[in-house]
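In the block that follows, a single chain appears as structure tokens, in the form predicted alone.
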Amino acid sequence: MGGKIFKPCFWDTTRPIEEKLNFENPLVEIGFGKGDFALWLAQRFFDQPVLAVDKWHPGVKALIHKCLGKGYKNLFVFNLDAHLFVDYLLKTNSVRAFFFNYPDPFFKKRDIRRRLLKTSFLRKLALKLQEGGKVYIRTDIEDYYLYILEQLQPLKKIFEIRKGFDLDLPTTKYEQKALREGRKPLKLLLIKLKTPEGVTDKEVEPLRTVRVERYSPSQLEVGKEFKDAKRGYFFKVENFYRGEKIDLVEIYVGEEGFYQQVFVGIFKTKSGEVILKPKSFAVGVKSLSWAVEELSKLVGG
């Protein structure tokens, strides 16, 4: 179950991910907030791996703290973008169920495109689900509920769509707040009927290590942004940290609507070569390899 890289409740931040996760029949919650529902899943399904995914740092820290306190051995927490996680890290036809509890509805008209549960993403979920696998969705926003139903129209041969659950799921704190304010939960259960055609699985790749003959950190400019418009890649230099043996460049790097936060180490070998290498929890994708190459040009010039 990925034990060589991950430990229950948290990840080994010294090792990037360069292959798909090796979990059997996982349950996946995407957007776990403060993590109480993920803890319930881990307790209710104690014999199965539960993967909790969120890019909100405070929530990640809160869930790790709670998980360690309770001693669960089947809960794994990921501080990653949902698209990145689903696209690259989950195996095809492997997931038993996905859970979405009150995802951000992005009310403003200009932000609707940021809604997660759209046709393209739902198609990716179907690719990763086992035959008969399920997607549980709860929202208290009727507009978002109707939007999801609209997005499911092209997928009627992929999913059976039900307006109720086959599991008695606990109420979340957000749901309790919604009920107090007069908003009722709206539910959708999607059951996979077949694997969608025309959806390409994305492979994780080894992360790029770049060697440069000389090193000039004065060229690094915090806040500077780089783009590859043709491929849709981008990265931003967020911070730069000097150390005794290794310097670290904190970057935000992404592609196709997602990003990840990565620390790239810069250090000198015994032979005098300077090496740039991702040093933190990161996923091996082409945009990250590109970003390391661009960094090497910046500091090695």
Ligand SMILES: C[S@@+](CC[C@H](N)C(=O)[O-])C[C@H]1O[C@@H](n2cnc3c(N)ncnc32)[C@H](O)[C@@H]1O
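So that there is no doubt, residue numbering starts at 1 and follows the sequence shown. The structure displayed is predicted, hence computed values, not measured ones.
Absent from the display: the form predicted together with this ligand. The rest refers to it.
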* Close approach of A82 to this ligand in the model of the complex, 4.5 Å, heavy atom -> yes
* Is T139 close enough to this ligand in the model of the complex to count, meaning some heavy atom within 4.5 Å? -> no
* **Contact flag, K66 vs this ligand in the model of the complex, heavy atom cut 4.5 Å** => no
* **4.5 Å heavy atom contact, G265 and this ligand in the model of the complex** => no
* Would you mind picking out the stretch of 193 to 201, 127 to 135, 87 to 95, 173 to 181 that comes within 4.5 angstroms of this ligand in the model of the complex, counting non-hydrogen atoms? => 173 to 181
* Structure fact -> The one option of L186, L189, L155, L116 with any heavy atom within 4.5 Å of this ligand in the model of the complex is L116
* Of the residues E205, D228, D104, E160, which one places a heavy atom within 4.5 Å of this ligand in the model of the complex? -> D104
* Structure fact -> Residues in 32 to 52 that come within 4.5 Å of this ligand in the model of the complex by at least one heavy atom, in order, are F32, G33
